[in-house]
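Next up is one chain by itself, shown in structure tokens, the form predicted on its own.
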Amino acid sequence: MTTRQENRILAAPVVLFLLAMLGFPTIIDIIYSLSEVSFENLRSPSFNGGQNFVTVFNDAEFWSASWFSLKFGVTTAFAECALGLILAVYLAPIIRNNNWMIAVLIMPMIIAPVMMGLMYRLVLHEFVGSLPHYLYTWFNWSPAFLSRENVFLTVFTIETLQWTPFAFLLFYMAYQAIPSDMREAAAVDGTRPWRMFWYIELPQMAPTIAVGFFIRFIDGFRVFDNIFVLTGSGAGGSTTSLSIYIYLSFFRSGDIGKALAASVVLFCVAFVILFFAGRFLRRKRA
């Protein structure tokens, strides 16, 4: 028996489990996305071809939600990875002798996103929020953090503050895994710290940074819970992500076929991103 055959046999239970847990719901979603279905005819949907997808692609709110999800995913992933990398490199010498700091730094990501949304909803509310109150009391200035003009910056900041610790932890482990003899050899040659980081440490961490970016992008692209609790769909739909768009179409409009067609599109986009991310990482390893 070859190594490839052994690997297939060992992976078979996991594959069967995933097919059982995810395969059936996926098939049902695809069937419903190609059918005219609502809560009234949920057990007997009527096939309508790709009409649901046509409706979705002709819906301006879908494209607005897609743009929000894309912009939110890219900007938050970039900010989280940049801040996480800076913290990982800057704090590495300090954490080496004070491991307890890791527990403190990762505390924000331990909080459930829903609870984070509720907390900031109370803190930032225009009329009862403590932060607008004290800003007005001390500086005679009370910005509307959840208004249409400021809400994207607000949710971007909240998401970045909560999930930068994830990027920090990932990059710190990658930074610590760099062989010490490479740093020692560079130091003997008189390499300055910033050149050592740019030409030695950063290339070694590049695959991990790429993985962290794609993980955070996908999580930001499909964001739902914290934004929905904080602002809902936002003023004029300003914070409607694709996930919120699907939720509103399903539960508030009762248009199940349209909602599931949008969910299939979201699934396909995530699959394509993961596919190309995998190819990129394989090329990097090669």
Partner chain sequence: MGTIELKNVKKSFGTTDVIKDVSLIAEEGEFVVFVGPSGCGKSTLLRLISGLEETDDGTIHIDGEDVTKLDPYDRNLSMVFQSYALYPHMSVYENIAFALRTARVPKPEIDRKVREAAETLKLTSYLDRKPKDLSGGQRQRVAIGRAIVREPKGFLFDEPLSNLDAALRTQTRIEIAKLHKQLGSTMIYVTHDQIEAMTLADKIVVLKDGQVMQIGSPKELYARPNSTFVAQFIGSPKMNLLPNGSYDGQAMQFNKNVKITVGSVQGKPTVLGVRPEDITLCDPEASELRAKVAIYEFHGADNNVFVDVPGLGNLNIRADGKLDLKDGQSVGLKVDTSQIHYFDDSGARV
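Positions refer to the first chain, counted from 1. Nothing here was measured: the structure is a model prediction, and the numbers come from that model.
If you look for the form predicted in complex with its partner chain, you will not find it shown, but the lines that follow are about it.
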- request: Work out which of the listed stretches, 151 to 159, 115 to 123, 176 to 184, 80 to 88, brings a heavy atom within 4.5 angstroms of its partner chain in the predicted bound form.
  value: 176 to 184
task: Could you spot which one of 209, 135, 200, 215 gets a heavy atom to within 4.5 Å of its partner chain in the predicted bound form?
output: 200
message: Test of understanding: in the predicted bound form, would residue 193 fall inside 4.5 Å of its partner chain by heavy atoms?
response: yes
message: Does any part of residue 188 reach within 4.5 Å of its partner chain in the predicted bound form? Heavy atoms only, please.
response: yes
query: Any chance residue 204 has a heavy atom within 4.5 Å of its partner chain in the predicted bound form?
result: yes
